[in-house]
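In the form predicted on its own, a lone chain appears below as C-alpha cells.
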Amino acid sequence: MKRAVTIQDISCFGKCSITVALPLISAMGIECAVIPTAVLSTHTGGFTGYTFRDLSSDIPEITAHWKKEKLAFDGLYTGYLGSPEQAAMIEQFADDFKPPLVFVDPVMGDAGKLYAGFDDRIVTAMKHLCGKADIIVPNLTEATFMLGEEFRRPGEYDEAYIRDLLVRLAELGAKMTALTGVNYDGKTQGVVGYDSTTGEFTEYFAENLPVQCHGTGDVFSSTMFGALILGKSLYDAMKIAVENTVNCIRCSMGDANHWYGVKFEECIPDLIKMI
C-alpha cells in the first residue's frame, strides 16, 4: 500500500482541507497521514466569527518524532497554511523525508483576491515552497499573485496567455505545473498542465456548471494527488480529478443546506471506479 502525508489545516466544519483530503485519498487505497497546520471552527468562506488556532509549533515536533520512528512516505501534499512561516517547516520536512512526489497546492485566494487573514508574506512563502515541489496546482488567482501579474477573468485571456503562465510558474522550480479553473469560452472549465522536462502541454475540460461551491479546489487537488501516487500520467490524473470534482458539484447543485461545501461523500463510489 502506498503511504502519503498531507500538511494543511483542519476546518472542523465546512468540508475542505484535511476533512476532504483524508477521506478521498484513503478511498483511493492510499494510507494517508496528516499534519495539521491550523485548526479552524469553520472554513473562512461565508462564515463569520470562526475560531483559528495556529499549530506552527507542533509541526517541527511531529517531524522530529516521525524521523525518530524512521517513517517513509510515497508523497507529500500541501494545502492551506496557517502562517507564512510554516512554508519553511514544510520545506524542511521535504528535505528530511525526501518523498518521491511533492505536490503543492498554493492555497491563498480566489476570484482575484487573497483569502481572509493573508497578505503578501504568504505569496512570498508559497513561491519559495513551490520551488521544492515536483508539481504545483495553483488557480488563476494564486498563479497571478506569485508571478506579479494582474488577475484576468474568463474572456480576458487566451491559450497563449495560459501557456505562458505555466512556463513561468515552472521557473519557480517545479517540474510540472497545472493551472486550474481555466475557462476560455464560458461553456467549459478545466485544467491545463505543463511538463517542463518534455516541454509538453496537456489539458482536460468539462462542462462549466453555473454555480460556485466551496471546497472544490480541495476535492480536485486531493483526487489528482492520489491519482499521481497511484502512477497515473499527468493527463489521466487531471482527467480523474476534473471528473470527480464535476460529479461532486452536480451532486450538490440545488441543495441549499450544503452551501458550505460539496457532497463529495456520495461520489466516492464513482471515484473508486475511475481509478
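Numbers follow the displayed sequence, beginning with 1. Quantities reported herein were computed from a predicted structural model and do not represent experimental measurements.
Keep in mind that the form predicted in complex with a small molecule is not shown, yet the notes after this line are about it.
Contact with the small molecule, judged by heavy atoms within 4.5 Å in the predicted complex, is confined among 247 to 255, 21 to 29, 7 to 15, 262 to 270 to 7 to 15. Taken together, the three residues Leu76, Phe103 and Lys132 lack any non-hydrogen atom within 4.5 angstroms of the small molecule in the predicted complex. With the partner omitted here, the residue from Phe145, Phe93, Tyr194, Tyr80 that has a non-hydrogen atom within 4.5 angstroms of the small molecule in the predicted complex is Tyr80. Comment: the small molecule is not present in this chain, but in the predicted complex one of Phe151, Tyr161, Tyr115, Phe201 has a heavy atom within 4.5 Å of it, namely Tyr115. In the predicted complex, the small molecule sits beyond 4.5 Å of every heavy atom of Pro36. Though the partner is left out of this view, Lys239 does not reach within 4.5 Å of the small molecule in the predicted complex, counting heavy atoms only.
In the predicted complex, no heavy atom of Asn208 sits within 4.5 Å of the small molecule. By the criterion of a heavy atom within 4.5 Å, Thr63 is excluded from the residues contacting the small molecule in the predicted complex.
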